[in-house]
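What follows are structure tokens for two forms of the same protein chain, given separately as structure 1 and structure 2.
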Structure 1
């Protein structure tokens, strides 16, 4: 009798082990890496929450396959990010790494991930080297190439005939890239009358604002992310400049900063690929679901992560064997998914070809602030680095 029990137990255990192994093969293992601590955590949380929302809506499956999700925090430190990425590959054995928010993190983790034969999908950061010379078949970007959003604002300034433009940004790589992007879009337009580079984490902009008031430019363009942007925008409004000098920006007035900027940001412009009020298939439902679940307005970061989940859902439906990386890549490249921003396809460097829009901050009927669609600036626009990518040849 006891012998029988033992035998039955062993058989049961064996049975469970085999089902577990079988189930493991059809599971898709995904690592999400975003900045989830410190002040910039607000950006990472938007992306993480939107991805979780997408997953929840699809019943925990992507492309009909059960998802095993691991979420890690890169702490906005490239060395920490590399360690965490290795952990995702070696310990969690992920098929995909999705993230990060910041370009310096993306530059650090791309090589370890693609070299290990895993697929990385950057849902926000788009540094120029990864779009150009260091592009890789295992690296996809579902957001944009960094320069593009700044180019949009340059093109807007040119189109509106602004003759004298004032540039303001923190003195670091992304700030200088931003100004270069703006100038490319503005080329053939008016004159850049002054370029001011402030120290990182400067909080008081009274000196720069006095200069703007004195020079009376036709427009100001700035890239002032995070808390710096909150301060600049509020002081800009306090100085009474908003009505007199149009405020063009990138990543300065968005739904992560607007809760702190409030009415001060009203009427300010931003370059984007999407706005919460855009009339694209599924967008209204996404915004409503996100707000119902998290009680805040989704930003670009959220939309991009949601789109990434949709891309995976569409692609994985056409893949039987996840260990066949080539098949997964092919499926990603050709996947047709309903992007919240409308038209979306991958360029030869596996970065998006998409529309870019001008957005303006406005207050909604319920009192919350969001960016709203003004006009389309670039249609089906790819980035300038695709030609440098070896996959393009």
Structure 2
């Protein structure tokens, strides 16, 4: 079965289930859909591995129910993702689809999933349309709405008095949301002197860096996930811009990219909801367990997937019949679980209300790099699209 791996019960790493249809009604059937191939695979692997860690710690059960887990690779191709989402529904009869990483994939798969009466929980992608006018009772988000982490950096740029700022993102939904978010946070501050969109998976930024050098802005804001971020940060340092133009970002200098960026990213800032060093209940234990099992530092993607498993565990303990979708939705909305990020609750559009922080790249005593907590920027903050959601009215 190309692009699919199925795991069942407590022996998650060993036991291969033949078909989800063979599972009893007391089982909870879950499809994980993440990007697991190509340069962006590091992001999806973080999410997948954290969810597997949570299941292992809970003995292969969520809410006391045995889990049948099917893992699929969306390949960062919306058409492939739709085909595999339909397979999860029609072949594997899943109750939940969890994922994806990228917003263009989330936009493609949400409608076929929710229209089929299944529940989708995005553990990362947070496109603005799915938080607003295209919200749905069967769609939940345990990460954020895309704009929010970028609003953090706009607010920081404004507070620090940067008067001339250059914006650079990929040309897809999350990139456009990031621009909107930064501008919202920066409103009433200085001037956006240029905003540049580049193609997805662009790896050579020499033209953009030459323009930055010529314009000499007070700061650069960017959102470049995966390999795009690795190359941009390396080339930024090689161009001699690091000490001249402050580098503000989100999902550009994080634990998926830092092993490749290393010293080139030292001291760079990022917006986030969580950092590995945050003093929240269970966080130190999660980070230690993830590093022990996978020999790498967990990123935000990992925390969000782990939290999603914790949410499901709390919610499903209060649901007897998983075919009762209304009961499942109600349990998800009211479930209380110890989020690794701290305070967490769902807004009326079923996106999180949570705190947002400023993070900075630092080297640990063991030589590894990670983001570290600097300050809290927004407290108990919901997104700006909830008012457009029909569930809010």
Partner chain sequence: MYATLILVQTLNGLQLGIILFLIAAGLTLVFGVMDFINLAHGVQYMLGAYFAYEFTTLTGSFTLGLLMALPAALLAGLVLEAFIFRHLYDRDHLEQVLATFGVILFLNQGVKVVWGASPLFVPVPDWLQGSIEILPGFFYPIYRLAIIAAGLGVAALLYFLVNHTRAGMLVRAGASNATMVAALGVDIRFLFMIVFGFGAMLAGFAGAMVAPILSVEPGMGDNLLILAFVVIVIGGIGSIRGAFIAALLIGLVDTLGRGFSTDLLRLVMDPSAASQTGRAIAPMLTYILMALVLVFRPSGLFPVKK
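In this text, the rigid core denotes the largest set of C-alpha atoms whose superposition between the two forms falls within 1.5 Å. All figures in this text were calculated on a predicted structure; none of them were measured in a lab. Positions refer to the first chain, counted from 1.
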(request) Sort out for me whether 1 or 2 is the form predicted on its own. (result) 2
(message) Following rigid core alignment, is the displacement of the residue 112 C-alpha between the two structures equal to or greater than 2 angstroms?
(response) no
(request) Once the core is aligned, please say if the CA of residue 311 is shifted by at least 2 angstroms between the two structures. (result) no
(request) Compare the position of the CA of residue 217 between the two structures after a rigid core fit and state whether the shift reaches 2 Å. (result) yes
(request) Provide the displacement, in Å, of the CA of residue 203 between the two structures, taking the core as the superposition reference. (result) 3.8
(message) Looking at residue 173, what is the CA displacement between the two structures after core superposition, in angstrom?
(response) 4.4
